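Just the one chain here, laid out as structure tokens, in the form predicted alone.
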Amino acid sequence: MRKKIFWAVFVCISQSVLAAESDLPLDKADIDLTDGVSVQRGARTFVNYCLGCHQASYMRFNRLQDIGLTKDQIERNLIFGNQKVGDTMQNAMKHEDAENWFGVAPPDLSVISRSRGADWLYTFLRGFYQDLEKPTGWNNLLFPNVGMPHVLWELQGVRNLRSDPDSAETEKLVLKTKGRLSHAEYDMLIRDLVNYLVFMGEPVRTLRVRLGILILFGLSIFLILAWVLKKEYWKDVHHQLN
């Protein structure tokens, strides 16, 4: 267990160093955790495209009931192995195999949104382009020399880096082969995925915010009562002094 935590921390630190080499401005992810349908779609994308390599060992399947899914829906649509609803989101890939295949085991994504930020993830997942000189055949604008392949390429399509990167054109990537989704549809899919990753990083965030607002409202009432009480208490004192 300690070894897994060490490698997860090592990968996150090494990725932070490499990603710092890019000064690409981050795109706004427009996260909205109150949009339960978006979070549900993001959970579906995560299970189908991310969970095969990455794990979320601090997230249980049954927490998806917090976003409106029933236990039966989770079992039928989001669990493909012999796992149970109460199990954590782990895959069948052995740690040793992952190291042999990728060089370093893919990091756990349980709290990736809290360490990276929603805008970073949104920009990263939309920044892949084909680079046949790399072992995976892919590279990334935000994360140069990334070791992760572009698992969503069939949806987004294949893009190449513009031959003249110093051009005045703001778009650095050009579409080579169309994917199954349009540009807007792919952006929406990534927004939903990031929405889910943010939810997964803190499943009680929405509840915490609601409780915080209620507590502040309650404290404001007590503040008013305290001010009225103070005014009434000191009324006679001020009268005597005058």
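Since we're looking at a predicted model, the values are computed, not measured. Numbers follow the displayed sequence, beginning with 1.
As for the form predicted together with ligand HEC, it is not shown, yet the points below apply to it.
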item	value
Residue stretch of 24-32, 66-74, 172-180, 50-58 approaching ligand HEC in the predicted bound form, non-hydrogen atom distance within 4.5 Å	50-58
Ligand HEC contact in the predicted bound form: W138, any heavy atom under 4.5 Å	no
Proximity of A43 to ligand HEC in the predicted bound form, heavy atoms at 4.5 Å	no
Contact of L193 with ligand HEC in the predicted bound form (heavy atom, 4.5 Å)	yes
I79, heavy atom within 4.5 angstroms of ligand HEC in the predicted bound form	no
Proximity to ligand HEC in the predicted bound form, single hit among V151, L161, V85, V158 (heavy atom within 4.5 Å)	V151
Residues in 109-131 close to ligand HEC in the predicted bound form, defined by a heavy atom within 4.5 Å, in order	L109, I112, R116, W120, L121, F124, L125
